[in-house]
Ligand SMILES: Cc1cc2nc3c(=O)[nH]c(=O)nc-3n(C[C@H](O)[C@H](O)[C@H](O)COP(=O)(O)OP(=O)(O)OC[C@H]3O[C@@H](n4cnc5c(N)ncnc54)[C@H](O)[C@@H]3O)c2cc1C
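Only one chain is shown below, in structure tokens, and it's the form predicted on its own.
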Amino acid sequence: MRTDFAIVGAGPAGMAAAEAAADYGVHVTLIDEQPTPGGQFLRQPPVGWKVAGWLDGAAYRDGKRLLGRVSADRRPEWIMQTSVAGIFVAEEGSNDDGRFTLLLEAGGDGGTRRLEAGAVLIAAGCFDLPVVFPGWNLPGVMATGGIQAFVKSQQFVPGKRFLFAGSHPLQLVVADQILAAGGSVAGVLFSQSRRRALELLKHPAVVLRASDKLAETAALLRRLSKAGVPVRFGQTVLQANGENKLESVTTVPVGPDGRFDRAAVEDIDCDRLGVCFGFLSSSELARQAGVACRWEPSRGGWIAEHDDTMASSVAGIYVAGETTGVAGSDVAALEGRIAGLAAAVELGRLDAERARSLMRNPRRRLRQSNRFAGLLAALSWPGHTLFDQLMTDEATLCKCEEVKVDTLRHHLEQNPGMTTASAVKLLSRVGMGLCQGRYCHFALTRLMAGHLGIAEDGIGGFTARFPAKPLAIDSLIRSED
């Protein structure tokens, strides 16, 4: 298989890039793990389902328009329900058909196949930041985004009584969606103080440009209040309780200095806990392809570096959306459009001067959107003090390999020369499970940095290797190529 421009991820960034590049005659191929495009933000109902009022509201209006246009566009080629296991850069002088080879694994029994491409965009999205605390591995403790995946597209309520705890406003959105679908919400807890949350109002210029988002947030708060759902600030989860499943959550007040007041804990009965302290960029594929990344914990952990055309450090590979830092669908779509135009230039389908003119408006809007996104990220970031207090010795740090925090601390004390995440992986098996370190690398980085007294970016991530996601050996054996 061959294409001009391979796009990994059919969310807002990928769709905007496909539309922009296809307008100039670029043959575009979109690859996504889901059966339908839209990404998590525009997650569609399963094929054959009808959901009344699907994604109503101003927040989804532009995204749904983009989805409608690109879904009806016959120019891009769609490869859905397919993962990209690796991206390989052709060596100079090789006989490969394209500059890049993508190894694709189709869902089910589809096996693997190769896709040759002249340029690649990685727009792989993000996932909820896993936070380690006692009981977080109990059935019933879920990422808030995971809960939303059920209710957003299917109106399916995956539990009876929900409690949300974290620091990100997505909690309000999902709590409201649970209520609309007929569920029960015990409360929404924000670790930051109300005063901290209102610091956004100190930036009137940014607030004015984001007035629609703030109006929607105010409407959410009104609906939750009317439904009798308490929204508490300066409070967080301390531990999840239950024998074989979640039965209650112990909460604790958080002081102005970020310290817990353990003398004032409270138990709240619930069978589902949604946790949302932010998000991590899905940068595994970018790092495996050799793209330079930097560590920014409040924006997504390891995020891909790029220039003003969204070109990465690897010539021919572009990055957009949450891969470059978690900033929301508006930013993702603008970055995707710029990347699509830049790829059209690189592939010889668009004049560079014309492209600069076409990029002028999206770049201006991107600067404005990034100001709000950056401010929201700063105000939503709970800080290391909270993570350090939650990560007690008895908590499980690596759920896949069932490695506890005290075991890792023991390894670090006994091996003072062990200063990288990959070294700890070899000794402790942390990061060797099916998630390939996605759900433990953030906590491990924080634990090691605190123990060694060095900056988190000095720890480094787990070595990025092929496959970027678990790949069945049978899929390789049955490969068409």
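Since the structure is predicted, the reported quantities are computational estimates derived from the model, not experimental observations. Numbers for residues come from their place in the sequence shown, where the first is 1.
Quick note: we don't show the form predicted together with this ligand, though the next part is all about it.
Residue 6, heavy atom within 4.5 angstroms of this ligand in the predicted bound form: Residue-level check for residue 6: no, no contact with this ligand.
Contact of residue 170 with this ligand in the predicted bound form (heavy atom, 4.5 Å): Yes, residue 170 is a contact residue.
Residue contact check: residue 134 to this ligand in the predicted bound form, 4.5 Å heavy atom: The answer is no: residue 134 has no heavy atom within 4.5 Å of this ligand.
Proximity of residue 123 to this ligand in the predicted bound form, heavy atoms at 4.5 Å: Yes, residue 123 lies within 4.5 Å of this ligand in the predicted bound form.
This ligand: the contacting residue among 297, 253, 183, 145 in the predicted bound form [heavy atom, 4.5 Å]: Looking at the other structure, the residue within range turns out to be 145.
Of 302, 279, 190, 162, the one that lies within 4.5 Å of this ligand in the predicted bound form (heavy atoms): Result of the distance check: 279.
Among 238 to 246, 111 to 119, 77 to 85, 405 to 413, the region lying within 4.5 Å of this ligand in the predicted bound form by heavy atom distance: Every other range fails; the passing one is 77 to 85.
Members of 460 to 476 lying within 4.5 angstroms of this ligand, judged by heavy atom, in the predicted bound form: Result: 469 alone.
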